[in-house]
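The chain that follows stands alone, in the form predicted alone, written as structure tokens.
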Amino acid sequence: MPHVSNDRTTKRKAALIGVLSAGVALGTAELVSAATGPNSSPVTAVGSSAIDLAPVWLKDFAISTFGNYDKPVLLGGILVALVVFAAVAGIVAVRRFAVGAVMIGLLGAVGALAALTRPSASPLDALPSLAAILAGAAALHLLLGGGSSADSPDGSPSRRKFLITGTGAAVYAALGASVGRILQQRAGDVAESRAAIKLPAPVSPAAARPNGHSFPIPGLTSFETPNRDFYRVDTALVIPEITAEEWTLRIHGMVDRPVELTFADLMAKPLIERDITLCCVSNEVGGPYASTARWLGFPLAQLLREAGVQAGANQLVGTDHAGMTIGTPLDVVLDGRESLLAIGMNGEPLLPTNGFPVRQLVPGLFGYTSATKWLVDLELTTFDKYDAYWTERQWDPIGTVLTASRIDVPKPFAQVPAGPVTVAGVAWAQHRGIGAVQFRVDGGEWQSTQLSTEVSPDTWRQWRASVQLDKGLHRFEVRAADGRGDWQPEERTRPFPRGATGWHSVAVTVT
């Protein structure tokens, strides 16, 4: 390419050329991903690989800092890095086109490598990234003028030509990305499939919730979590979309009789209904990642016994539609607790974000060892033979839920009037139940609270108390004892590797 002066205008134009070329590459990739599947999209594949490779401390930071926005923040960060790299490639390409083209191609190569290393990858998953490499190089050549004599004396494209080609590239990039994303989505198919499901009546309904199971206190977490508010912590950048009609579950491994079930088969079985609280091991002390629902499903232990569990099996590995694996201790599933293959929650089919069409849940275990969403495969094996996703990353392989308690009312740093102050919250220790909750003010004596009536040892309980406070800054602390009488430890620990411990505290100003 001809020599180009290094003035600011030329560098800005060159940087824009690089960014537009990368945009064309990504737009092309998204269009091709409509045929190969959303997980083959370079941005999605790179983001998923970033999640897998991120150290524990970074994952904890992302979840605690960004909450449900951790995935958009990750994707935004990837796009920002891509824009910066592409801008540099554009500047380099003006002087040395081949080097700039290789830099644009490198972005596609990273996407292809990420796509091919996903758990459920096939060779076709590299196609979007390969198409991106070709499209990006072609766009770079075109936007640089292609050596045309119409170029300006400094070697850059003439202003008019650049305006036309640049606008065209921008429009193509935007339309390609938007249309590609739309074509990748099967939301309409899934919504139609979900709407057609009429959940059967359970042969064993959940017991009626007793009087006093919930306190009418503004700001206190409700006993039952609405489906759309149910916490979500998982590694899926793209929610797996599978209809009930195409769903199957394979049960294999160390069993006498391998089983394959369709959704219709599962619907025809005698289903049971239970209230169960789920929580995430990533929850910090006082964190929001716990929710309760009324679940409808088939007993998992019964299904495994029908398959015939072989001697020596001690791990149940669940795999989701995208290849994510979760390992569950088998003895816990078979010890009498009501583990479920769930198809419904709170009276309706699961939402896609909650695992539609079928998910697994085991009361008393954190979600990372028990609650496979979008479940399509169950393999009986041993811990010695197989490390599931989180076990590979050194998390505790059992995942027993720790006793936890939280202050919901008053909120942190709230201003409340002097006099009687209501303090309230929730506590949970699934499958052991909550036996007592105490609170204290300003490090004083522990005081008893009133507990809501227990619905089940597998659900949380609300608690409340009232205390007389004078003006000034005050600090509440809370602790709970499980049904065995064991109190939460005071020592604060981080979630890794088996869950956070410590007493939740809230500071308020009394006016």
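Remember, predicted model here, so these are calculated numbers, not experimental data. Throughout, we count residues from 1 along the sequence that is shown.
Note that the form predicted together with a small molecule isn't included here; everything after this is about it.
The partner is absent here, but in the predicted bound form a heavy atom of 372, alone among 430, 372, 405, 339, sits within 4.5 Å of the small molecule.
None of 300, 271, 169, 324 but one reaches within 4.5 angstroms of the small molecule in the predicted bound form through a heavy atom, and that residue is 324. Contact check for residue 132: every heavy atom lies farther than 4.5 Å from the small molecule in the predicted bound form. Among residues of the shown chain, residue 280 is one whose heavy atoms approach the small molecule to within 4.5 Å in the predicted bound form. When the small molecule is considered in the predicted bound form, residue 263 lies well away from it, no heavy atom lying within 4.5 Å. The small molecule is not drawn, but in the predicted bound form it has a heavy atom within 4.5 Å of residue 232. Comment: 359 to 367 is the region of 112 to 120, 214 to 222, 303 to 311, 359 to 367 lying near the small molecule in the predicted bound form, near meaning a non-hydrogen atom within 4.5 Å. Contact with the small molecule in the predicted bound form holds for all three of 320, 353 and 390, each having a heavy atom within 4.5 Å.
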